[in-house]
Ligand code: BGC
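Okay, so here's just one chain, in structure tokens, the form predicted alone.
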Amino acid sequence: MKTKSKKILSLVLASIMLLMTLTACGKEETSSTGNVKGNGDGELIGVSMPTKSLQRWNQDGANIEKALKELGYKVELQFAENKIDTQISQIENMITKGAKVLVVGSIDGTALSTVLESAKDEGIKVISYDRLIVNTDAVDYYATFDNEDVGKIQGEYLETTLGLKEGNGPFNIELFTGPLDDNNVNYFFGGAMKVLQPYIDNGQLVVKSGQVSKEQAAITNWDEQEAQARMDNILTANYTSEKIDAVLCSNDSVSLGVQSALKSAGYGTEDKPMPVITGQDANIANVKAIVADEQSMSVFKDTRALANKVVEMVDAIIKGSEAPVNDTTTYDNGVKVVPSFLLEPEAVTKENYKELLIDSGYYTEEDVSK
């Protein structure tokens, strides 16, 4: 009887050990996106970014690549250096290599219809990243921040800081936005002008250059030097005897160019402080400018969150499930309304940059102080 009992006990212990082993082996390790690591089965994902010349695109590309690789996907990440033909060629190569999904941050949202039709013919799904690709039904999803809200945040910051609701003014303001081939400009500039236009109409805000339209305010490729040159010309022609009180800048690279022109004209001193200046992306150079009182605010778009959402979309597509979206009405690309996921942007100022950027681990204190 004792021998039989020992055998039964041994079998029970062996079963428990086997169960523990199987449980340990079956434990799923999750990635930074919350998805299961290593289940991408080596499928190729193409990621096409516009340029390395802006900090934010480097961050976006790196964040997407890292998160996809954590899930076991192969990643072809390319930067087109703001050359449309280069981006088209890079996407063609991704198609040829057998990419299952393309994530495309376009240089010109109107220029990719033909190459993306080729992708569609091959059964490749396309996620338009941050900038909406227009005039094609080959775009399956769009992932971005609420771009009209970006402009609204900038406009409301100017409204509050200048005390426009209280009737203060008149103030001299100039307007700067991005390239006309970037569909987001319609939302950035449009959102800001919904707030500012009534004050321009009633005379509380005065655009002395007379350049109030999106076309007049546009800066090709968000180029810092072009923004500086345009502001140089505006200051020379309109502000020899008057000061400028505020500048709407739709993004941070444009803001840096504007700041350079203003400092060359003598702004940034105790007698002639910098105007109220907006921005977008919370780039390191601009956060330093905010700390130094050379730029007033930027709009923070956490590219980690956007990258993670795109990776969720990719993973869902590959697995044949529904990709996450929260907007199915706003973004009409001229052919279809593209199902979209919109994240919320936030205003960054000297008062809250540590909380939003440092405490969250987006930057270190050293990044913005050295």
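Everything quoted here is computed from the prediction, not taken from an experiment. Don't overthink the numbering: it's just position in the shown sequence, from 1.
A second form of this protein, the form predicted together with beta-D-glucopyranose, is not displayed here; the remarks below concern that form.
- Message: Please identify the residue among E224, E174, D182, D140 with any heavy atom within 4.5 Å of beta-D-glucopyranose in the predicted complex.
- Response: Of E224, E174, D182, D140, the residue with a heavy atom within 4.5 Å of beta-D-glucopyranose in the predicted complex is D182.
- Give a yes or no for R131: in the predicted complex, does one of its heavy atoms lie within 4.5 Å of a heavy atom belonging to beta-D-glucopyranose? Within the cut-off, so yes.
- Message: Residue-level question: is F188 within 4.5 Å of beta-D-glucopyranose in the predicted complex, judged on heavy atoms?
- Response: Residue-level check for F188: yes, a contact with beta-D-glucopyranose.
- Just to confirm, R56 within 4.5 Å of beta-D-glucopyranose in the predicted complex by heavy atoms? Yes, contact at 4.5 Å.
- Going by a heavy atom distance of 4.5 Å, is K301 a contact of beta-D-glucopyranose in the predicted complex? Taking the distances in the predicted complex, the answer for K301 is yes, it comes within 4.5 Å of beta-D-glucopyranose.
- Which of these stretches, 279-287, 108-116, 193-201, 226-234, has heavy atoms within 4.5 Å of beta-D-glucopyranose in the predicted complex? Heavy atoms within 4.5 Å of beta-D-glucopyranose in the predicted complex occur in 279-287.
- Task: At a 4.5 angstroms cut-off on non-hydrogen atoms, which residues of 223-255 are near beta-D-glucopyranose in the predicted complex? List them in order.
- Result: Sequence-ordered list has one entry, N251.
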